[in-house]
Structure formats: C-alpha cells, structure tokens
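Just the one chain here, the form predicted alone, laid out as structure tokens.
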C-alpha cells in the first residue's frame, strides 16, 4: 500500500460525499480493499478523515448541507460495522455511550451524525432513538456498563424541561451513579447559551459532531480513573 493510493482514495471518497453519492462512496471503499488497503487503513485514513472534513465544512467554500453531513455519518457507520470484523486484531473500544434525544424531542438527524462520528472512532454506541424518557437512559447505561450518556436536544424546552437532562442528572444523583456515568449534551440550544449545559446538569457539551469523540473520550477517561 502506498501513500499515493491513500491520498487518491481519500480524494475520490471526499468527492463522492460532496456529491451525496453513496453508491460511489461505497464502491471507492471496495476498490481500496481490492487494491490491498487494509480495513484499518480504509477506516482511519479514508472514512474518518472524510467524515471529519465533511462535518467540519473543510471541503470547499460552499456551505456543507445537512444531507452531506448525514451521508458522511451514515457511510462511516456502515463501513465501520462491515470492516471491524476484518481487522487483523480486535480494535480497542474507547468506551460505551448511550445516546438519544430528549423526552419530547423528535429531531434525530443531529444524533445520527454524532453516532456516526463516535462509531468511526471506535466507541460502542447504544442508540435509544428519539423521545427518550430519562429513566430509559439510566436503565440502558446500567445494562451496558456505559460510561457516558449523551442527550441531544434541538429545542429549548426539551433541553431545559423537567423530563430532559435535568431529570437524568437527578436520577444519577439519587442512585449514586455520578462517579460512574458522565452526562454530555448537544444540539442547537446549547450554541446560544454557553453555560446552558451546566444549568441542565451535564458534565460537558459538544459544539459539533466532529468534536464529540474527543469530548466523550475525556469523559470516559475521567470515569475510568
């Protein structure tokens, strides 16, 4: 495998993402494997950089659309799930995250994009979907040994309501779980109020999907120490 092959593959893959051409993107991944790129290299040298550049809006001067964001995360999930069993050695799972949208919130796109970013960075994800009751977040975290609960909210009232992150924090406190499970939040309301994540009881928040893996990794490290 040569650096030229990696760069050619990454460039072609980025173009497919920018064109929202899933079939071509997946064909490029298969061609890379056929040309003897390892599954590890395909994920870490092509899929992850492609996703990060797309989500970071670094491909062109044009604004990246939500459909492009979604495609990048969708392919990242699909390729990661397919290639993980082919790794020469089992990849180390960075941590386990339970994720979902706040109770009363039915906006799942942002969560889907974050999930793709986390999976590509080797986090185990338990996606509870949309409109998740606070009790369910706790139950799922205990069932799976998750170190982090992630809650997405696209509306102010679902971010700050009594059945949102505040209730999850209350349950963590009541059950003595605050040292074992960290809480991260994300979504539009938090971008307009820098301290809102603290007000709803979260340990941290992620401004973008691309930044979420680093924030989650830091929270996992806290728990494991």
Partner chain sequence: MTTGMDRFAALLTGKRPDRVPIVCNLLDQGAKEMGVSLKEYYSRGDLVAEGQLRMREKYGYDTLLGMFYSALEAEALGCRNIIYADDGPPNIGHLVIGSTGDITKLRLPEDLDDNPRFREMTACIGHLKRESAGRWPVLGVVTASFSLPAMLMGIGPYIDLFLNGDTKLLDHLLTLCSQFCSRQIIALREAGADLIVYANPVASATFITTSKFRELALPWVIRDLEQPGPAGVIFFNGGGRINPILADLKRHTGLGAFYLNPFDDIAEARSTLGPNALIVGAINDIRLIDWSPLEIDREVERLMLTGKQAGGFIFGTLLMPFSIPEPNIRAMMSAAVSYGNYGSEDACANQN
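Positions refer to the first chain, counted from 1. No experiment lies behind these values; they were computed from the predicted model shown.
From this point on, the text means the form predicted in complex with the partner chain, which you will not see here.
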Thinking of 91, 94 and 180 as one candidate spot, does the partner chain come within 4.5 Å of a heavy atom in every one of them in the predicted bound form? no
Is residue 40 close to the partner chain in the predicted bound form, meaning a heavy atom pair under 4.5 Å apart or at it? no
Would you check, heavy atoms only and a 4.5 Å threshold, whether residue 207 touches the partner chain in the predicted bound form? no
Would you please decide whether residue 155 lies within 4.5 angstroms of the partner chain in the predicted bound form, comparing each non-hydrogen atom pair? yes
At 4.5 Å between heavy atoms, is residue 191 in contact with the partner chain in the predicted bound form? yes
Please determine, with the chain shown alone, which of 40-48, 171-179, 157-165, 27-35 has non-hydrogen atoms within 4.5 Å of the partner chain in the predicted bound form. 157-165
Stretch 195-211: residues contacting the partner chain in the predicted bound form, 4.5 Å heavy atom cut-off: 199
